[in-house]
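Just one chain follows, in the form predicted alone, and it is written as structure tokens.
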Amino acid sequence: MLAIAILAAGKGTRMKSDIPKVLQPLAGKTLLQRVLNTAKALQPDRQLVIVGYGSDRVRQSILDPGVEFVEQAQQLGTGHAIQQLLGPLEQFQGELVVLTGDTPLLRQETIQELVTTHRHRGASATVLTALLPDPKGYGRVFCDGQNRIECIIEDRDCTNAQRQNRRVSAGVYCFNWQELAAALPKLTTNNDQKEYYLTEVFNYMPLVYALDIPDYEESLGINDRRQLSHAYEVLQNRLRQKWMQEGVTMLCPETITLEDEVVLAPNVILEPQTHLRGKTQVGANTTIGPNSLIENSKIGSDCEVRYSVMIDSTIGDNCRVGPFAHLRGHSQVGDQCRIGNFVELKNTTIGNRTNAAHLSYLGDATLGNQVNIGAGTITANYDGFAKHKTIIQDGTKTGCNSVLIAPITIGANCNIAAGTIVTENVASNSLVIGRVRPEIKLDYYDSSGKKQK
């Protein structure tokens, strides 16, 4: 059996925040959620999160009923944290993996290899280690030829020769739980911090091994904003490399940001300053950007989205969006549509081959097929108290600067003349003109442009 415990009790004072460190966001997820997702992928029998500072907020952030929470009322060190598991795991038999809630870069494959290697060796404990390019400040892990740990020496206590060793602990462990449970009561506070260190259990275990991570950046923890920024950069590089290998073109990839749940089809082109977030999907042969933000949205194939923002919305195939369009509020656009310059859609559904090319606001509206929205058309959907619906049926055209005051239905094949304000339903096949006749006063100004008496 396999249990995974995640240390998530610390405040993280160097983050300069009242938000618990493990709840700091990183590319759309908290640090803790990233670690939990990795742990869950191993399908453990037990998942335990050790909480302390901000425990209520941490608990509320995790909606998975399979996660057990263990309280560490006082934060007296990593060993003290794991001692809190002696009760919950009293009857447990198997391996315990210990992760920290601030190491979000670990891959599932790495932890799986840690468990597999530990079991193969019949070890008491296996320590995940990394060969850092610059290990200054880290304790060094010394092993024999079989990677059995002989000793761990703090950086300040190393000789010059010992400092040449680049192997350090990643703070991630796999234990034989029964051996660990026997060792935990023996921990002492004979150290400068007067805390219970988990690594002291190695003194009471016969077989402790190291396993080196091929990519040392997986081991990097988050203690301050600089490290959080670096972790974001690492994640972005992983995602960019993944999708470029899948056939996505990225122009100036260092300016493009992605999140884990984004799905891109082959031959997608992402231009500079494009940002894809949440559960976004992009179809084949579509170009996004430059300077576009797409969040929790679905874009069909053979589309162009330029200088625009889409949030919680969907567009079909062969559509053109932008520049400077804004789709939000679960808007849905059909195939072969044009949503053009400075057009905003909010909670609006649009049929196929419908165009809104310029300077329009369409809110709480339903448009049929082959509708043409003239520049400056507005659906006036809010009466000061509630939102109301506008319906425009197939084949209807609105002229420039039309205002449709909801609730209202415009029938099929209608023409709303430019400058018209529509306040009541319109039957199909109608022409609607609602202009005020202009009054022209001749010779109102003299030749110099001054008003004449």
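Start at 1 and count along the sequence shown; that's the residue number. Computed from a prediction, not measured in an experiment: that's the story for all the values here. Rigid core here is just the name for the largest C-alpha set that superposes within 1.5 Å across the two forms.
Omitted here: the form predicted in complex with a small molecule. The next part is about that form.
**Q** Does the small molecule, in the predicted complex, lie within 4.5 angstroms of each residue among G300, G322 and N355, using heavy atoms as the measure?
**A** The answer is no; none of G300, G322 and N355 reaches the small molecule.
**Q** Does at least one non-hydrogen atom of T280 fall within 4.5 angstroms of the small molecule in the predicted complex?
**A** T280: no contact with the small molecule in the predicted complex.
**Q** Would T199 show up as a contact with the small molecule in the predicted complex if we use heavy atoms at 4.5 Å?
**A** Heavy-atom contact with the small molecule at 4.5 Å: present for T199.
**Q** Flag G101 as yes or no: does it have a non-hydrogen atom within 4.5 angstroms of any non-hydrogen atom of the small molecule in the predicted complex?
**A** Yes.
**Q** Whether Q178 contacts the small molecule in the predicted complex should be assessed with a 4.5 Å heavy atom distance threshold; does it?
**A** Because no heavy atom of Q178 falls inside 4.5 Å of the small molecule in the predicted complex, the answer is no.
**Q** Pick from E254, D144, E154, E109: which residue has any heavy atom within 4.5 angstroms of the small molecule in the predicted complex?
**A** Contact check passes for E154.
**Q** Looking at A170, I373, C337, V305 here, can you tell me which has any non-hydrogen atom within 4.5 angstroms of the small molecule in the predicted complex?
**A** Only one option qualifies, and that one is A170.
**Q** Which one of these stretches, 243 to 251, 376 to 384, 263 to 271, 191 to 199, sits within 4.5 Å of the small molecule in the predicted complex when only heavy atoms are counted?
**A** This holds for exactly one stretch, 191 to 199.
**Q** Rigid core fitted, is the C-alpha displacement of R338 between this form and the one not shown 2 Å or more?
**A** R338: C-alpha displaced by less than 2 Å between this form and the one not shown.
**Q** Superposing on the rigid core, does the Cα of G139 end up 2 Å or more away between this form and the one not shown?
**A** For G139, whose C-alpha is compared between this form and the one not shown after core superposition, the shift is 2 Å or more.
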